[in-house]
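Have a look below at one chain only, the form predicted alone, in structure tokens format.
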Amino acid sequence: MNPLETRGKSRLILWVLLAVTLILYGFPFVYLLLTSFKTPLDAIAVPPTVWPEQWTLENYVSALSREGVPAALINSVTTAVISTVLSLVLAVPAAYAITRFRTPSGRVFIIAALVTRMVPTIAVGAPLVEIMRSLGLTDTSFGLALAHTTISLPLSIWLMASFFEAVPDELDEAAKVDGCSRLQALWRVVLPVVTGGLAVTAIFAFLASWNEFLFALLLTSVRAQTTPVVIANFQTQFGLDWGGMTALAAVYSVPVIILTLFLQRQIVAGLTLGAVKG
């Protein structure tokens, strides 16, 4: 077979697989978005329809005007930002030390971090509630952010370690020759090189907190309740308020989409940095 024809068929197969993957991942969100524009009766129609029979903004108006929704959106942003900052503050020095000192204990530590990532959140839910209650941090954004940090921190350490591994040790040595300490070399030389990696890690940490439901359900009641919990509580006399739930879920997706688009260049740079050594 002609090599050109083989290459053309391979590209065709690749594009077909890409299209199937895009449909599988994209259709649920598209269906959610379309449902948010349906009337309340169309949203619960059986059998369900994909396209709205009548387009309306009623679900958005009722969802955003519901008591507790604006406060929940603010709580979600506050909690996610605090959790992201905590994850980066803890992950950056930990990953830097692991990749630069390369001690056996460092390797054990990073493997232990991966193991903790594998532990189901439900397994630590009850003990965490007791710890937060004893510290007086239940129903607070900071307490919930601490809980979310336990989820995002292991992955943040692994990501930052991979990015630091791609930075040559010679940069640190050159910084030391110029009179920098370890921390100064990290702050002034290494971190500017891995800004893309920081962006990638920050987005993963932000998403881990932004989408988290279980800890938010267990650790909050009124003051610090986040949007995922509020969405789950959308009820009517006929059952779940699918129109309101999908409308608020669509609004809740906007900040993450904007953040990802805003940091697109840094994300691409970070992924490229982590893929190549030296």
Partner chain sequence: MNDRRFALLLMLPAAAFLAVFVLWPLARFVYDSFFVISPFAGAPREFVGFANYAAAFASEAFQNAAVRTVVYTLIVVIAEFTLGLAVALLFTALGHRSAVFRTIFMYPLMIAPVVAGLLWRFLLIDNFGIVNELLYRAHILASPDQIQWLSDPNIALFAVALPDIWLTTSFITLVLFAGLQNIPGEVVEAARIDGARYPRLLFSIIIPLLRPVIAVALIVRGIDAARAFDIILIQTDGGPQGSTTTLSLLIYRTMTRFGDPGLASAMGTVYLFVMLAVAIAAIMLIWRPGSTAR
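Residue numbers count along the first chain shown, from 1. We call the rigid core whatever largest set of C-alpha positions still superposes within 1.5 Å between the two forms. Bear in mind that the values here come from a model prediction, so they are computed numbers and not experimental data.
The protein also exists as the form predicted in complex with the partner chain; that form is not presented, and the subsequent description refers to it.
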Against the partner chain in the predicted complex, would Q235 count as a contact residue? Criterion: heavy atoms within 4.5 Å.
yes
So, in the predicted complex, is T39 in contact with the partner chain at a 4.5 angstroms heavy atom limit?
no
Any non-hydrogen atom of F206 within 4.5 angstroms of the partner chain in the predicted complex:
no
My question is simply whether W55 lines the interface with the partner chain in the predicted complex - judged by any non-hydrogen atom within 4.5 Å.
no
Taking the partner chain in the predicted complex, would I131, E165 and V268 all count as contacting it (heavy atom within 4.5 Å)?
yes
Where, within 16-47, is there a heavy atom within 4.5 Å of the partner chain in the predicted complex? Residue list please.
L17, L18, T21, L22, Y25, G26, F27, P28, F29, Y31, L32, T35, A43, I44, A45, V46, P47
Tell me, please, whether between this form and the one not shown the C-alpha of P52 is shifted by 2 Å or more, with the rigid core used for superposition.
yes
F213 C-alpha shift between this form and the one not shown of 2 Å or more, rigid core reference:
no
Cα displacement of L41 between this form and the one not shown reaching 2 Å, rigid core superposed:
yes
